[in-house]
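Alright, here's a single protein chain in two forms, structure 1 and structure 2, each given by itself as structure tokens.
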Structure 1
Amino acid sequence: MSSLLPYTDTIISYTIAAVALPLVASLINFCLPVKSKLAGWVSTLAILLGCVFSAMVFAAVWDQQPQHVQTMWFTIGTTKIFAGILLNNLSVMMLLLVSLIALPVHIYSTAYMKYDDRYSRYFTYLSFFCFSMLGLVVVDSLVLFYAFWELVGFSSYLLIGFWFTKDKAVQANKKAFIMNRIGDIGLLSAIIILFAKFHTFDIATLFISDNLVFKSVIHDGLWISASGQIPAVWQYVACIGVFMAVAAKSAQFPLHTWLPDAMEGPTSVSALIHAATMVAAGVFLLGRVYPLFTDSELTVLAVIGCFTAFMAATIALTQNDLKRVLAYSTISQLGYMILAMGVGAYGSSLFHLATHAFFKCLLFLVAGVVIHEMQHIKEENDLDIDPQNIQYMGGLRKKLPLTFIVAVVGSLALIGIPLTSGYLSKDGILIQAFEWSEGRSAWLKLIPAGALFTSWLTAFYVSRLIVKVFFGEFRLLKKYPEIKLHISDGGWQYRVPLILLAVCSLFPLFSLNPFFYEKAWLFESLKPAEFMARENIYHTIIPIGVNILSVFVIYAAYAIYVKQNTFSFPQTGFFYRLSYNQWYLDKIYRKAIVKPILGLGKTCFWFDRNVIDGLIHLIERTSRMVASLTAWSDKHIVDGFLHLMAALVQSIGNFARKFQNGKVQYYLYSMLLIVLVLFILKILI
């Protein structure tokens, strides 16, 4: 137990309160009537108080010595398992970030879910989701970490499938649950290996204070540390296990396909999942166990992160579902974070995680407003349309002015235009990626080049989304000229969260200098000790080059989709089909994995039904026949013999009874007869 700050007990109490309040709200809401509107405000008040406590913890711990308080939980043999709270820059940043993102989502949800038949159940799940994520970021034990990791997955399963009467929602939450179980197997394997190697589950001992993992080395095929040595292959297995967990939770190739389908849940849930909870958990895990990875393993992370970012960006180019475009955008931005971790830009990765949380949450809440109003048009005019299809939209900036303004702010932050927080964090990743590639092979130089090209793809698909939704003419009105339009930005429960998140998506929250990411207070506290700022030309040419070309890309998207006076992209070619069909990965998985597994399942079922059950039924019928034969034998042979013996004894008894009549002369005759018989027998023999 360490007490490095003067008010450790108070800080720990505030941390526990911040984590426990959403759980208390969840339990209260569980007891309320299913349509009770009180549930929304119970959850909102809990997360508001949690924000206050989180801010107090953040202010006390940020840039100070880590706080670590633990107590013994249980003992297995001679192994003592401890449970406690670990507060350092990473954990308090996530504690505050999750609370800050959850607050506007809760406020927004009170209006967005107002007419849902399971209103209180929604907030029960939402509060439990927040509790799970908040617990995940502060626990100090890998055992507890895994428990909360599972709770995050379980609560997301509940929320993705919240509208369980829709078959797509049911399929989506099953897909998310199954794919995350693959990652969970990897994480569990890594935890077991780490415990077997270092004999502790304590995160501080492994990665922070004692840093046992960092001090271990791989030499001559052995993983060597003060606690002993084991074959180095186990270190590789542990890293693969951690990556599987990261890939599943943070939707990285090849375990990314669940995230776009998760859009079947309420849009407010999507905002929370994509901003600071579930998908952030994978990057947070990587930040926690970062010393476990060697340089070569980090390079593999960089390659996968770069490929995921590029692949998801190309898919987002052609999607017409509003939320699906944002989902692939999230996958792409998470790819940037993994790439940053791989090239050693630890601080930039976490910086981008923080900035991305605000503008991505903002964009999803904007999508929620747009979809809500399109749904209203659909129901009011009895139309058969998909309210999420951007092909039906256009010109909505006139009807939804506030939504349009904040959408532009969020989009500029996502593209990485100056004066936004996204510019600061994304440029940091690009610059450090190019610095990392210096002196490396030509193949590895493709990583920063791919990241740079992906940033321009991002500018295009985001601009396409904005212009198709908010610019031009309302295309649905062209198709149905007689429809009535009664739409607006909504009440204060919509407006306040949007404005708050838009403000947080600008540079002042993170830095007073809007152009140099090195000056951001968050980056300065998370950057590695050996970081040297602005030491080469990359710090100048990359921001200028990226943003100048991004402006041209934005204008090109506007010209193509609004002015329509330039070329349009063919929608029949190979690359279009590849993008529109999401690189055919879902189809490949269905044919190569799902169908064979289902076929194996059917084969096993047939084998179980016809062979195993048939054998059991044969044994059962044989047993019954043997039993029947045994019963007949018992009844007719054994019992018959017994009955025969009984009848014989009875006959002998009846015969003998005749000699017992009380007359002496008969006894004398009998004795004489017996003597004669014996005499005759004696003579004959």
Structure 2
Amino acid sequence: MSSLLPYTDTIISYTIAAVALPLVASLINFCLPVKSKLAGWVSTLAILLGCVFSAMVFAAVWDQQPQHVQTMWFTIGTTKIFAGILLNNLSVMMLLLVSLIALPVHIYSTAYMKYDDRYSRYFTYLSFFCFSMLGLVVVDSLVLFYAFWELVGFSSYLLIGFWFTKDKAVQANKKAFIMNRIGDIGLLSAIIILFAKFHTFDIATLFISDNLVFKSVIHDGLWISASGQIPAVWQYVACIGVFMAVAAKSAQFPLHTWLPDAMEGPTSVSALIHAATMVAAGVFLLGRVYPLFTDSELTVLAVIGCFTAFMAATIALTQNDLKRVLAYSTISQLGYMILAMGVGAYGSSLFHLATHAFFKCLLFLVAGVVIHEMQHIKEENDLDIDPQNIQYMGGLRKKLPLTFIVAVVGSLALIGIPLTSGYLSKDGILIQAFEWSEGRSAWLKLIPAGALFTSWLTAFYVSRLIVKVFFGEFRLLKKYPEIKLHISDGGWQYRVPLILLAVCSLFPLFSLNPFFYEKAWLFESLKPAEFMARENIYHTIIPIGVNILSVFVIYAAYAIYVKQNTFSFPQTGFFYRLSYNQWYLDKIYRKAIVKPILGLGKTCFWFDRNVIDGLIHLIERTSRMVASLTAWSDKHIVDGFLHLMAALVQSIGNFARKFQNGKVQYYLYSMLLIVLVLFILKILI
């Protein structure tokens, strides 16, 4: 299964090619001039080829024996660290998914970023991101995994702050970076603990083939495995660390606040990174290290996922920023995935991850088109509006017919209406959540209930979004009647990705049976072995109940926002404000974390300024005093001594010089005197 000779297998070479091509593209683009239009096609070609390779790898590995090759990386003492590629169902699915999502986004970007000043830089970053993400899913070592994890975070940072002249973008990428750092610390500590416990970084050994982690047990406060035992608290710490990493990358409560802000990046980036791929990295990590979690820890995961899903959905209800609504919807859906992981619906979670990637990407690209056109109107007519605000939109279905159709497809998939991929995956999660809560405490029954309620909320906010953007009258036209409108769906670079993704959001890609999620091939391959067959009432009741109510909700939204003739929400109620202000979480963070830290910083600054600097000044003054003292002594004593010596030598010289007066008799006199003195001495002695 694991061979020490890499690169011999074609599948492995294809994998390496798929991962490395974007990196090559990135390096080429980095060397190109910043405005070169070639960059887009280099990156797109690379990802297209990568896509083909990924598809081949996928075809070869899916439902087959996992492939695992590795080579010795380095040795520390007697510990050998291996690095290699691990291909199993999970990783090839992610490999294909990332490539497939990246391809339309690349095509779309060539048009979307056409007028940007740093066009090739954009593609450099984008390709680099693809490389990081593809690398992340195939590596087999936790160390490499961590490295790619960091690269993903880094490229995300670059892309969020791509328009770094915008202050908000800079703030947002800083925020994302710091939030991700918190998660990285967690991941790093988890990796360290795992290594300390099992003496290996190998994912296959840890979680798959030998499954050391699964075989270890917690007993009597000790974490026992074949390689020894350590206090159980480390297992909890590792789990918390992994959870922190997941929460940071996949935007789970309480680390989710960076994701809505990350919408400051280009919309195509939001589609790729913050909807489809990068945020999926957290769920992917969870999938990789799934055996680490014990039952109770999974329950915690479920609770947090459910809460995140619910909270994000409520926030999405009232947001007016197009991309923000979608961002919260993403958080909400990611909450679903975590919830699914928590309730043991491993397969459903990943299934939802795959389907969500397509339709959320689609919706973001739609948002991109809409924003692009709004920006166009704004610039053409010189208006002072926010192009992302849905309050100004409306009735766009006539102007942007194709966009409207694909948007509806994407929205229905997000709501989970039958015949879409979203229905298959989301209902799977709901059903399994209900099954899981069977026989558990009443409180835990709230989890599936919350998920169910959230799905109705989802129906509502998505409908609100679509209705506000595409139905009714164009409110901007109402406000500024004189403006001219020259908008359309855009060129083929817009249309092709949208259609492609819309098709992928429908059921046929995943299952030939549009109603029963159990029949989806993706799900069947990923589902756990002890999966319950279609045997109880939930499998029938829940989809029906959910969808009927969803349809009602959609109609209600349509009624509220288009007709404006039925009841409407109070715009000043507590819940409205709670939702509108995103549960005040940012403000709480600001008050509870940022302020104290700033205060601490100021205190440190004060301390630094007054005490440390004072000390330094004291030292400085003392040393200056000493220095001046030294200077004085140097000048007066040492130099004086030198001058004395010099003067002495000079005077001796002058004195001796007097004898050299050139007078012959004087010389003779001296000579005789010395002879005389010698004589006298001779006599006397």
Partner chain sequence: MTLVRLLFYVMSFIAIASALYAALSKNLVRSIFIFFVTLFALAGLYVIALADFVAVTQVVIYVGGILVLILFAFMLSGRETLNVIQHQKGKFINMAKVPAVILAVLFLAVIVNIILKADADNLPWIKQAIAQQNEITPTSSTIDNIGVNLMTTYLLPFEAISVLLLMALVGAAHLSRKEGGA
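Numbering for residues begins at 1 and runs along the sequence of structure 1. Between two forms, the rigid core is defined as the largest C-alpha subset superposing within 1.5 Å. This is a predicted model, so every value here is computed, not measured.
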Form predicted alone: structure 1
After the core is matched up, is the C-alpha of H274 off by 2 Å or more between structure 1 and structure 2?
-> yes
Give me the C-alpha shift of A631 between structure 1 and structure 2, core superposed, in Å.
-> 3.8
What Cα shift, in Å, does I674 show between structure 1 and structure 2 once the core is superposed?
-> 19.4
